[in-house]
Each structure stands twice: as structure tokens, then as C-alpha cells.
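Next up: just one chain, as C-alpha cells, the form predicted on its own.
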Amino acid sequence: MKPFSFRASYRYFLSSLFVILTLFSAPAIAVIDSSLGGASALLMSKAFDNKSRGLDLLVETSHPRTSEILQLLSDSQLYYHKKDKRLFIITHYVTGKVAKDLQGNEQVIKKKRDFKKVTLNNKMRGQINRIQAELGLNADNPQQREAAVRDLLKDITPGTVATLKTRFLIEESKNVREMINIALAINDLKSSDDVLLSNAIEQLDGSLEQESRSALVAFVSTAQSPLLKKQAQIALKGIEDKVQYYGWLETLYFGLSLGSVLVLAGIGLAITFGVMGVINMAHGELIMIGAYTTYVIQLLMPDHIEWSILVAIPAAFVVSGLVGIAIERGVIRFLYGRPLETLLATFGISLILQQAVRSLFSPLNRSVETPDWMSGLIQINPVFSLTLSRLYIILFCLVVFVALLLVLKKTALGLQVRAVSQNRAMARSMGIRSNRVDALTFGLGSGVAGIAGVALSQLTNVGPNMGQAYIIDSFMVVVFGGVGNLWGTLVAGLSLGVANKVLEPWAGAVLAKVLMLIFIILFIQKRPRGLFPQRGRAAEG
């Protein structure tokens, strides 16, 4: 019997392992190579016509990696090795980085010149977009299929029409079928058959797709039949009216979002100025402190940006509120009854706060990241969409307003604030510690200003001068709405925001603000106490 040999057994084991790996791996590679081989060779050609045929070949063979290869071409990440004649995926075209072939084998890029990118021309890019759209027609998600049809509207070819008609027969989604009908109607506008043309115009009547309007405009300019031309003009007029209507809705939406920012900026001042009668020129800097608090919270939570904004809201309220209490206790309490001195003192405080922020964070503006759940938009139709960040600002403004209203109407602090603001002497005689109420009231108004800073940090960069941009707006809102009236602040802020957005398109941003200022000055001449004047003892005081 032959003695046991460890070396022989080791060789036998390696040979067996190699055979097993070969048996399992070789067929897969062969399948991939055989199906991709022709297309790969064409894509590595220098002639763009050959590359274009390579793309068509991928579609004809229905290769499962067609979408991936098209995306790699669009992203300029598909290369080929000059000597090996194999396609490689290269994310970073740098010496020392990894290149991966389509079978998943990796190799390090020793010389960049060994690899050459598969280049495209504009015709091929259009071909790729068309193929991707046609592939999207077979997606499981109806929204993806609708988006695919919408992409095809940009370049409708005879081949596209045949694909759309085939899809229409099996399509179950009403929206997708309607979109296919629009695409086919746009194509029918090229026909010479009057009946077909009339049906196409009828189908496009009311469609808000840009391609539908463009097709109708082109048809009107070239139509030979007066009846068809008139029909197309009527359809076009109806579409333009709908576009104008949604344009007004968009202006209203932008105005409400701007108005919400004004309400958030002014509602804190409505407490300190309206209720306490303090002309706080440092109000804008309290907003700025809230914005910087948001920035610092994001620095402390770099891996949890999604949650940082929720942490920043109470943090900004506390930080700005404490700064406000410090200002009231340190300066303002000595100046009650002397508005001019209060104005000058708070103006000096605003300069100190600005310089302090410059020293801590530098004079440069800082950007605050917007969480993903606040990004994006809600598409209502092709000409009207709602930006999520603006929608959240509007909702946030309403929540802050309701919360503040409940605090002032339903809590003991609110009752004491109203008592002190209406008759300080009587409130004292009833045992209310007016000094403590003054500090807490000023802290409440300052804290709300800090919350406004959190909202503003999502719309603009955070900088030492950002508060100055909102101090005038805040006073405008409070004076226009009626001093000391929260409902007046809400109505005034939203009204000024909408009016500003209506004026901006034809007057410009600066002139629109000047016109609003002139309007408020004239309005105050007629109604000195604003839209919602205070009544009772507070007004008499």
C-alpha cells in the first residue's frame, strides 16, 4: 500500500478545488460574454455608428444588464482596456484606483492610458434617453411608466409610436393611458388627414404638458385648414388660461411662504414690542442666535442631520430666550418708560451680539443642511408643484402661532402677562410679581425669535448680518397688524408676503419692498392702531 503523502493530498485538494471552480464559474462567464460580446465589440469601436448599433443590439437581445450599461454610459463610467478589449467600470479614473470588468473581476489601474472611455455624441445620448424611456414603459410602478411616456414626448419617432400603441393595449393605469393618448395625439398632428388632426386637437385640449402646447403652437403657425386652425387656437387659449390660473396659485403659494417667514420673524416682536412696549432693536440678532444654534446642533450631530432640525427647535428657543432674559434683566428693566433710551440701548446690544458672533464663528456665512424629508416637491401637474421646504415653513408658522396663542390664553403665565400689560399697578396689587413677568415675557418673545431663526436657516445662509435683514420687516408686520395683537400679526404677515410676491414680477424685489413701506406709512395715517387695534385699558394706556 502506498504510504500517505501530505504533499500529494494537498496537490489533489487544490486540483479538485480548481476543477470545481472552473465548472461553476466558466459557464456563467461564457453566457455573459456570448450575450454581451457583440455589443461590447461595437461599443469599443471608434465609429459612433457602430456604437449606436451596439446599443440597439443590447435592446434586441433583451440583455438583463442593458439598463445598467446605459446608465454607465450616461454617467461616463464605462471604459475599455486597449489591449484586453474588455469593458470596465471605472468610478475614479485615477492611477491606483480599481477598475472592475462586467463580470465583477477587479484590477488596479497601473497606467491610465491603458483604459479609454467609451465616448458618446449628442445623437447617442438622445438614443440612450429614448431606450431608457422605452424600457421604463415596462416598469412595475405606474408612476415610472407615466414618467417614461413623458420622456418619450420629447422625441416621438415611428418606432416610439409603435411601442406606445403596443403598450396602450395592455396598460391598466388610467393616467398612463391618458399620457400615451397625448403622445399619440402629438404625433397625429403631423398627419394630413383632417379627421385625425381634429381628433388630435381635441385630445390635446386642456393638456398642460409643455410638448402639447409646443405642438399646438407649431400646428397653428402651419395649418392650412381655417377650421382646424381655429379649433387649435381655441384649445391653445384654454391651455394658456389654465397655465395662468396655476401661475396665480404658485404666486399665492410663494406669497404665503414668504408671509410665514414674516410672521415668524415678527411674532416674537409682537410680544416684546406689542405687549411690553419695548422697542427691541436687537430682535433681529435674537433670530440670528436661533439660526446659529441650528448650525451648532448640526455640527454636534453630523450623522443625524435628519433629526438635528427637531433638536434645534427647542435648543434655539432656550438659547435665545436666555439671552433675551439676560438683556431684560441687565439693561431694559432700568429703562422702562423711556422708549428712546431703550431703542439706543438695544441697538448697541445688537452691535455687540453681531461682533460676538463674528469673533466666535468668523464673519463668513455658514450653510445649514436641509434634511432629506424637507427636500423635494409635490408635483400637482406639469405646471404647478409645491416645494416641500416652503410647505413645512407654512405649517411650522401655524404651529408656532397656535402654541403661542395657547400659552397666552390658557396658561398662568399668559394670564399674568395680559394683566401686567393692561394695568401694571393693579396687577401688582393682586400679588403678581411684575418684574418676574417682564423677564419671562421678554424671554418668551426672544425664544420665539430663536425659533424663527431655525426656520430661516433652512431658507438662507446663516451669517452675522442676517438679523438686520428682518428687523424692518418685523416692525412693519407688527405695526401693520396692530400692536400687541397676535391675530393681527398673522394676518399682516401673510398679507404683506402675498402682496410682495404679486408686486415683485413687474416692480422688482427692491421696489416692491419700497412700495410696501409707502403703503404701510399711508395706512397708518388712516388707522394708527393697525388692522386689529387693541381695545380696553391696554389701548387707553
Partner chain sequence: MGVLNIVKNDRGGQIMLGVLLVITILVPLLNLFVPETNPLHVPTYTVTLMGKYLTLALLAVAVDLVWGYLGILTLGHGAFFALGGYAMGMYLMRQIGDRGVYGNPELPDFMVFLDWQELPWFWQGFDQFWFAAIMIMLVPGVLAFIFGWLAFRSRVSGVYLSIITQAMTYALMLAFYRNEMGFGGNNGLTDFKDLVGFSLQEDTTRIGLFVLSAVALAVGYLICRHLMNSRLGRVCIAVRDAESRARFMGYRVENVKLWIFVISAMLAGVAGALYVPQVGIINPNEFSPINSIEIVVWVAVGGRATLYGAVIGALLINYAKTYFTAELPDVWLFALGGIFVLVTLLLPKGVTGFVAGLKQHKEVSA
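Numbering follows the first chain given and starts at 1. Note that the structure is predicted; figures quoted are calculated from it, not measured.
The following text describes the form predicted together with the partner chain, which does not appear among the structures shown.
Using a 4.5 angstroms threshold between heavy atoms, Phe273 counts as touching the partner chain in the model of the complex.
The partner chain in the model of the complex is not approached by Leu413, whose heavy atoms all lie more than 4.5 angstroms from it. The shortest heavy atom separation between Ile90 and the partner chain in the model of the complex exceeds 4.5 Å. Contact check for Leu377: every heavy atom lies farther than 4.5 Å from the partner chain in the model of the complex. Between 475 to 483, 55 to 63, 40 to 48, 492 to 500, the stretch whose residues reach within 4.5 angstroms of the partner chain in the model of the complex through a non-hydrogen atom is 475 to 483. Exactly one listed residue, out of Leu398, Met426, Val331, Val161, brings a non-hydrogen atom to within 4.5 Å of the partner chain in the model of the complex: Val331. In terms of contact with the partner chain in the model of the complex, the residue from Ala218, Leu135, Ala356, Leu406 that brings a heavy atom within 4.5 Å is Ala356.
Contacts between stretch 315 to 351 and the partner chain, counted in the model of the complex as any heavy atom lying within 4.5 Å, involve Gly330, Val331, Phe334, Leu335, Arg338, Pro339, Leu340, Glu341, Leu343, Leu344, Ala345, Phe347, Gly348, Ile349, Leu351, listed in sequence order.
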